[in-house]
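Only one chain comes next, encoded as structure tokens, the form predicted alone.
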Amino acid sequence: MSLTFRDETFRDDFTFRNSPAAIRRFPFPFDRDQYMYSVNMEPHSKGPAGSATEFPIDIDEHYVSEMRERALVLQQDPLRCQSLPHMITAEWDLVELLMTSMADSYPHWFSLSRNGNDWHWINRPLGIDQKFTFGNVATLPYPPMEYITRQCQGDFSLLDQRDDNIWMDAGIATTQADWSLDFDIGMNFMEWHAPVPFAHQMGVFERALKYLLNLQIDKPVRRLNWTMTINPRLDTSPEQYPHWGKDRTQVTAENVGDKVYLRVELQGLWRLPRSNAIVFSIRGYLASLSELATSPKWARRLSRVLKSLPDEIAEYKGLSRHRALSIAWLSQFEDDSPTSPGCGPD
């Protein structure tokens, strides 16, 4: 695969940018011109070549910089990675899932050799060459979940299943959109989804929980979620609100195209074989309005979606302050022409 890893930042000077190729593969989440609340769950099967869903775990041009950002967040706040003691088997399950997937999908960057419990992992982009004993925590420099997720884009939760519910009992979250692992750790499915408007009245989460309780091994699923954020800041956690909250007051008619970003989460769920736990991955993608507007279809559709967004949803997603400015900026691309079916660019 021909890909150059970008050297960029997600804080301070914000040098993050998407190449034209990264913009075209951006997982744009809207398949119609009007907002519609949807769980949009589908099998996590192989997507089109070059897309964000081509492989189970997506590695892109931002990989090395995102891993540097993760290490910085964990250095400043170790509580972004937590695991309750009974989740250790699930941690090793996650090591196997991510290592095998990355090595199978990107053999030019990653390799994994296994001889019984003697494993040899090589991560060429990060310069890691690690021999360890699978199941023996002492043979790794970090606990197993932290070790492998320091090398994989996106946040991860390990969900234990018991009492006809699932519980967030382990995870790493350094790129989250305004939620706190430290607050949610140990909560069940309904408790950590409590702030979401409308969905509870619609019975969405009751149906989603029933679906997940029956998730099968080797049949992962995925969905897209979205919000909008100011600046290409990955860490918009509650713990860091003093740093990013003020960004919302800095959007103007002159800078909205470059400061407002659509933030899309590709969320995957796998049933793990040893622990029977569920992996919930949250892989975040960022694209500015200016980058999205290089696709006229996306510019028109995003404008129409934002116009149709209920106020409660706009407030929940943190859009209230800059929704009008975003719609006004996008209006320059509105010509009332129809948009083509599907989420992809024209």
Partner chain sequence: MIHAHDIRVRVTAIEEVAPRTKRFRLQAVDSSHLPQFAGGAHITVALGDDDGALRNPYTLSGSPQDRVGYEITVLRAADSRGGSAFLHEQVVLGQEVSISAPINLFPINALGRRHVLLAGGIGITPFMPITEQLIDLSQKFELHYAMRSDGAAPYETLLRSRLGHRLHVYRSDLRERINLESLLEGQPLGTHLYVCGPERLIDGAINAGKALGWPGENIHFERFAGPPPGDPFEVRLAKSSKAIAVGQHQTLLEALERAGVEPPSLCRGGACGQCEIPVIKADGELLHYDHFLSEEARSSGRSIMTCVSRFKGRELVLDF
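Residue numbers count along the first chain shown, from 1. Bear in mind that the values here come from a model prediction, so they are computed numbers and not experimental data.
The same protein has a further form, the form predicted together with its partner chain, not shown here; the description that follows concerns it.
Contact annotation for residue 32: none of its heavy atoms lies within 4.5 Å of its partner chain in the predicted bound form. In the predicted bound form, at least one heavy atom of residue 220 sits within 4.5 Å of its partner chain. In the predicted bound form, its partner chain lies farther than 4.5 Å from every heavy atom of residue 124. Its partner chain is not drawn, but in the predicted bound form it has no heavy atom within 4.5 Å of residue 258. Only one of 276, 139, 227, 111 lies close to its partner chain in the predicted bound form, with a heavy atom inside 4.5 Å, and it is 276. Site annotation in the predicted bound form: the residue of 118, 104, 129, 254 reaching within 4.5 Å of its partner chain with a heavy atom is 104.
Here the chain stands alone, but in the predicted bound form its contact with its partner chain, taken as any heavy atom within 4.5 Å, falls in 162 to 170 among 139 to 147, 259 to 267, 162 to 170, 228 to 236. Not one of 4, 18 and 69 places a heavy atom within 4.5 Å of its partner chain in the predicted bound form.
Taking a 4.5 Å heavy atom cutoff to its partner chain in the predicted bound form, the one contacting residue in 73 to 87 is 86.
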